[in-house]
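A lone chain, given as structure tokens: the form predicted on its own.
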């Protein structure tokens, strides 16, 4: 029987690219590679660089090393505004089209059984691996935080967002790397069994992984009900065990650690080939894309170049989204770069926009409450936000919202529930930060 959680909803999958095998995109003429937060360039303008070469030093905190995805010449180091309004440093590289690999890219010669935990974590860190399901948290830090706490490792291949099919294709086409990456993560974490979570609309991928794991007691394939947002790590854990993790706690506090299947592949590549994270698989789809595809893309590639590789636009797009349509971010510039956390690039026409033209209104139907995977009352949180009553928005669990969009999707009155809740979360955290500065109020206190 497929596993599931209480709440959520069924959304038409529109997985148009699910049968499209992964195509490797040639290196574009220019890549614009973002540095992680607090990182500093390891190269200068005019330097020649090779594929896989270190170009950005980690600067502490949540930062991680950055590597070149092409061979060529550094033409600029600049700041650029991201779609969320923040300024980030970027390194611009003119590709020479040769894709010459750095001599630093070497497979590990030491057997994993002979490595210490610190040595294995250092390999993951130096490869610049982050959560590739969209979270982007540095994998080395996540592993270290889970050491001694997590007793169950879950590899997440559910991919519940509509349109996105990159994880599905990776599971079908790179099953061995997922199995081996899972074993490496089990070794570094000291966990005796790994579990791979797959939705029941991807049984072909489950069968491919099951064949490789057959006869092994180390790795189990778990089948989940196709539902949104089943791919959220707290919902996976809830479906598996019935446990609910408080918003102030991490999964490892409850004994779990969850990694995306592509993160798992990146870990395997770092150990087996010495290759840092410099490319990823992305779904390019939507009703405006001529040829929906799953593409292996060099980090730093522009959306414009990626869309051109997929045949360009079949009609004028009204909206470009990075990620899935439920939790993705609308883009305003096709020169935006692919990053390590870009799961999809979707292009939608005006026909795909909602036809509801009346003012938003809550009709007290309770549908948002029924589908909320965190068992919140989104209508009340949104109402308090509109009133500026952030104390009650906090009391009703605004910070527990995972911003999955289920409530806004199901709302017949088109109330912008997620936007309101996001506003409430921002204001609540601002007030808490101000409170800590003035009187030492901790994160766990309610807003006063």
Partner chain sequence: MSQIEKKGEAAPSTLFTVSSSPHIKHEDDTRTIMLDVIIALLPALIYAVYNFGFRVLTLVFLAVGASILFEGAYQMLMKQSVVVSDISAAVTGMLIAFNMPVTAPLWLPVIGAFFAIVIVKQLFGGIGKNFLNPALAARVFMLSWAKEMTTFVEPGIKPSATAISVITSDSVSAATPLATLKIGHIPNLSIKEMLVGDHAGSIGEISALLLALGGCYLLVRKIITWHIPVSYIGTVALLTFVFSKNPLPYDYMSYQILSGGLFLGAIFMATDYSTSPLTGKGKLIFGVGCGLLTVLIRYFGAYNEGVAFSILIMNLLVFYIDKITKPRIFGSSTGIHGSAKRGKTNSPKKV
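Being a predicted model, the structure only gives us computed values, none of them experimental. Residue numbers count along the first chain shown, from 1.
The following text describes the form predicted together with its partner chain, which does not appear among the structures shown.
Enquirer: Among the candidate stretches 164-172, 122-130, 289-297, 242-250, which one is within 4.5 Å of its partner chain in the predicted bound form when only heavy atoms are counted?
Expert: Of the options, only 242-250 has residues within 4.5 Å of the partner.
Enquirer: Which one of 217, 79, 204, 118 is close to its partner chain in the predicted bound form, taking close to mean a heavy atom within 4.5 Å?
Expert: It is 79.
Enquirer: Out of 147, 334, 212, 223, which one falls within 4.5 Å of its partner chain in the predicted bound form, going by heavy atoms?
Expert: If I apply the 4.5 Å criterion carefully, the residue I get is 334.
Enquirer: Going by a heavy atom distance of 4.5 Å, is residue 38 a contact of its partner chain in the predicted bound form?
Expert: No - in the predicted bound form, heavy atoms of residue 38 and its partner chain never come within 4.5 Å of each other.
Enquirer: So in the predicted bound form, is its partner chain close enough to residue 17 to count as touching (4.5 Å, heavy atoms)?
Expert: Contact with its partner chain, no.
Enquirer: Give a yes or no for residue 48: in the predicted bound form, does one of its heavy atoms lie within 4.5 Å of a heavy atom belonging to its partner chain?
Expert: Judged by the heavy-atom cut-off of 4.5 Å, residue 48 is well away from its partner chain in the predicted bound form.
Enquirer: Quick check on residue 271: any heavy atom within 4.5 Å of its partner chain in the predicted bound form?
Expert: So residue 271 does not count as contacting its partner chain.
Enquirer: In sequence order, which positions of 392-409 have a non-hydrogen atom within 4.5 Å of its partner chain in the predicted bound form?
Expert: 394, 395, 396, 397, 399, 400, 405, 408, 409, in sequence order.
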